[in-house]
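Just one chain is shown here, as C-alpha cells, and it is the form predicted alone.
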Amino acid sequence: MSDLTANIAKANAYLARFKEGGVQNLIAGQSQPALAGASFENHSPVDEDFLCTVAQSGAEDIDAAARAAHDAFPAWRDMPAAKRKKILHKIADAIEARAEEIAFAECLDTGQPLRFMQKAALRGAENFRFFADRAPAARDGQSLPSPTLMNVTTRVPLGPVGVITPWNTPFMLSTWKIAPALAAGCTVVHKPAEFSPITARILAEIAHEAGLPEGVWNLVNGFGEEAGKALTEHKLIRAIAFVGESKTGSMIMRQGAESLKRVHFELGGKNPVIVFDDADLERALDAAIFMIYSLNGERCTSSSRLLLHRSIAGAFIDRLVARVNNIKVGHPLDPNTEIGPLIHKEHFDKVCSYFQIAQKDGATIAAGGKAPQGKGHYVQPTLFTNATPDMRIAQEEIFGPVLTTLTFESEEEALEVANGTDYGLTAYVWTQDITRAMRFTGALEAGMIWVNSENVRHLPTPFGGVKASGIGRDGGDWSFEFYMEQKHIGFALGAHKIPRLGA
C-alpha cells in the first residue's frame, strides 16, 4: 500500500463520524443543530466528494451562543488565572495527542498539503501554551505615583467576544485568536469559515474535554451574511476579531458600529519581496518561492509581488521559471505534494480569471497559467513576467499560487512600487547593505518586515498590517491589549486640598 493510499484510508476513518453525523453547533457545552433545522453540504476540494453536512445557523443560534457566553463570563473572569492556565495547557496537550487527526482532516477539508498541515496542529498547541503561560500576568499593571495620589493601572477582560476565522489554515488561525481571548478571561463565540468547518469542531471538542466550563467557548457554524452578520451586530458581544478579506472587514466595521464594537482585523495583502543586486540570490530565490507557493498561495503573508533589480532580473527569472515548473502539484495527502487543490470552486474560478487578465493587460505567463484536467480545484503554480505596477495582477490580491514579477532601477523606484498598493501587511527585503536595509524598511508601508528571511513567526512579536491590511496587532501582550480594558485607580495619599464650590 502506498503512503497516499494509507493516508487517504486514515483520513476517511477520522472523518467518518462527521460524514455520518455532520458538524453541529456547540452552545453552552451542548452539541445541537441549527435551531431552524437548516444545514448545508461541505465537499472536499480534492475531488468534490461529500464530507459532511454543516449546521446553517441564523440570528437565533448566535443569540443563544452570545447569551451562553454572557452567562459564563463572570465565573470565567473570576477564576484564578493559575487555574485558567492549567486548563489551557490541557487543551494544548490534547491538541498534540490528536495532531494526526487534525492534519488529515484539514488536508481533505481545505486542500492544503500534508507537509504543511503536519505542523499546523503543533503550532496550535504552541499558541495555547504561549498564552496560557501569560495568563497569570495578564492583569498586571503599573504604579504611577503623583504628588497626591498613588495611581495604579490594571487590565480586565472585555467580556464575550466574537471570533470569525478564515478557511486558509483554519485550525492554526483559530487557536491564534481564541487562546489569548481565553487567557485574558474573555468568553468566546466562534464562527469558522463555511468552507472549512471540520477542525473548528474538533478544536471546540478538545477544549470541553480538557475541562473548559460550559458556555465559555461556543461554536456556531454558518454563512457570513447570516450567522456572521448576526454575530457582528449582537449587543452582548463586546468585540470582533476577524481574519479574512479587506472588503469583509469593512462590512464588519459598519455592522458593529451601532454597538460601538471594538474590532481587530487581519486582512488582505499584496506583499512585496524586494531583491537588490547585492543580495544572496540563492537564499532570496528559495524564500521568494516558498512564500508564494507554499500553502497553495492561500496565505495573507504570501510574497505575491517580486521586485528585482534590473541588473539581476534576467538570470533570476530564468532560474525562477525552472523551479516553478518543477513544483509538484497533487493530492494533499501525498507526502510529496507541494501544492494541493484550492479551497472551493468559487475561489478556483477567481484565481484562474487572472490568467486572462494578465494576458489582456500585456503581461507574460512564463510558467503555469493553466488548470489541470480532471476532478478537484487544482491550479498549476503560475509566474507572470513583463508586468507593470499598474496592472491588476500587481495591485489585487489573487490569493493563490501566482507570482507577479516587476523590475526596478533605483532604491527610490523600488520603494514607490513596493508602497504603491492599497495593502500593507508584510514585506521582504534582500540586501547585504545594512544601512540600506535600515533606511528602506523605515520607509516601507508594512506592519511586518523581514530582512534576508522568509516569514518566521516569533509569538511575542506584533502581527498585523497597515492601510487596507488590518487594524490592531496580535502576538504577545498586543493580544491582551485587544481582549482587555485598561483601568486606572487613584488612591489619595493624604488629605490634599480639594477645591470647594458653593461653600
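Residues carry their position along the shown sequence, with the first being 1. Because the structure is predicted, anything quoted here is derived from the model rather than measured.
Keep in mind the form predicted together with a small molecule is missing from the figure; the text below concerns it.
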*Quick one: which of 208-216, 396-404, 74-82, 427-435 gets within 4.5 Å of the small molecule in the model of the complex, going by heavy atoms?*
396-404
*Contact at 100, 130 and 295 by the small molecule in the model of the complex, all three, heavy atom at most 4.5 Å*: no
_Candidate from 229, 309, 90, 331 lying within 4.5 Å of the small molecule in the model of the complex - any heavy atom_ = 229
*Just one of 258, 225, 409, 390 has a heavy atom within 4.5 Å of the small molecule in the model of the complex. Which one?*
225
*Should residue 248 be classed as touching the small molecule in the model of the complex when contacts are defined as heavy atoms within 4.5 Å?*
yes
*Do residue 126 and the small molecule come within 4.5 Å of each other in the model of the complex, heavy atoms counted?*
no
*Contact between residue 289 and the small molecule in the model of the complex at 4.5 Å, heavy atoms?*
no
*Counting only non-hydrogen atoms and a 4.5 angstroms cut-off, does residue 192 reach the small molecule in the model of the complex?*
yes
